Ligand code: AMP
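So this first bit is one chain, no partners, the form predicted alone, shown in structure tokens.
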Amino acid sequence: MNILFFGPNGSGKGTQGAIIKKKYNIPHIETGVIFRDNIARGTELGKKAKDYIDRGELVPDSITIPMILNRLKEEDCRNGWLLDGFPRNLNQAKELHKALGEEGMNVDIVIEIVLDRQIAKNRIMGRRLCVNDNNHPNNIYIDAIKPDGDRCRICGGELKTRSDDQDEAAIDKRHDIYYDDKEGTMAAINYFKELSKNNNGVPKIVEIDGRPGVKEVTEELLSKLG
């Protein structure tokens, strides 16, 4: 089962990805991890990527996609994979689809967590961290896990915010890319939807409503995956 996983920052994609990984025993592959691994191991692609990163430039797809393909060919991907964080735009979607086809690989399922942009932003900015345990979920914009005033809903501990969660400009920049349906990530998602429509439902498109709580989203996701 080869899966592409889409969802905006704030949609809970990381949580759901971990659940899919465990249920289907497939690796959850994130492009950021692939970059760090190749750079740490000093691979040829890693050295090239580092040159761009050190200059503050985006790593071109001609380096990124071969890195991803190399990872998808590893032994733990034999029974499938869950690719998260790529493609991020329409051109990458086209190039990834072409490259996978040349390697005899297919995308079986495309998962999209659908969430309104303002709700996604609120969820990021509403996250609160318990000083006693970061795993205690607290979010001022989610009723099910709303804190008890300014204290942790679970243990009563003091709550803090992460600085990057409050960086509104950075959040908007990431969401500008994701919600762009002309060239951005939404355009990539629509590209695979069009492929599915023209290819008898392959890849299978699974749309999930990201508004409910984690448990409800998980139930809908696993139900639709079958």
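Because the structure is predicted, anything quoted here is derived from the model rather than measured. Take the two forms, superpose them, and find the largest set of C-alpha atoms that agree within 1.5 Å; that set is the rigid core. In case it trips you up, residue 1 is the first one in the sequence shown, and so on.
Although it is not shown, the form predicted together with this ligand is what the next lines describe.
**Student:** Just one of 187 to 195, 56 to 64, 40 to 48, 153 to 161 has residues with a heavy atom within 4.5 Å of this ligand in the predicted complex, so point it out.
**Tutor:** That would be 56 to 64.
**Student:** Looking at Arg117, Arg88, His136, Lys146 here, can you tell me which has any non-hydrogen atom within 4.5 angstroms of this ligand in the predicted complex?
**Tutor:** When this ligand is considered in the predicted complex, the option within 4.5 Å is Arg88.
**Student:** Hey, in the predicted complex, does Tyr178 get a heavy atom within 4.5 angstroms of this ligand?
**Tutor:** Heavy-atom contact with this ligand at 4.5 Å: absent for Tyr178.
**Student:** According to a 4.5 angstroms non-hydrogen atom cut-off, is Gly201 in contact with this ligand in the predicted complex?
**Tutor:** Answer no; every heavy atom of Gly201 is more than 4.5 Å from this ligand in the predicted complex.
**Student:** Might Asn70 be said to contact this ligand in the predicted complex, defining contact as any heavy atom within 4.5 Å?
**Tutor:** Because no heavy atom of Asn70 falls inside 4.5 Å of this ligand in the predicted complex, the answer is no.
**Student:** If you check in the predicted complex, is Thr218 within 4.5 Å of this ligand, heavy atoms only?
**Tutor:** Answer no; every heavy atom of Thr218 is more than 4.5 Å from this ligand in the predicted complex.
**Student:** Does anything in 24 to 46 come within 4.5 Å of this ligand in the predicted complex by heavy atoms, and if so which residues, in order?
**Tutor:** Thr31, Gly32, Phe35, Arg36, in sequence order.
**Student:** Comparing between the shown form and the other one on the rigid core, is the C-alpha shift at Pro66 2 Å or larger?
**Tutor:** Comparing the forms between the shown form and the other one, which are aligned on their rigid core, Pro66 does shift its C-alpha by 2 Å or more.
**Student:** Using the core for the fit, does the CA position of Lys121 change by 2 Å or more between the shown form and the other one?
**Tutor:** For Lys121, whose C-alpha is compared between the shown form and the other one after core superposition, the shift is less than 2 Å.
**Student:** After the core is matched up, is the C-alpha of Arg36 off by 2 Å or more between the shown form and the other one?
**Tutor:** Yes, shifts by 2 Å or more.
**Student:** Between Leu58 and Arg88, do the C-alpha atoms lie closer or farther in the predicted complex than in the shown form, with a difference of 3 angstroms or more?
**Tutor:** Closer, not farther.
**Student:** Report the direction of the Cα distance change between Arg36 and Gly101 in the predicted complex, compared with the displayed form, as closer or farther; the change is 3 Å or more.
**Tutor:** Relative to the displayed form, Arg36 and Gly101 move farther apart in the predicted complex - a change of at least 3 Å between their C-alphas.
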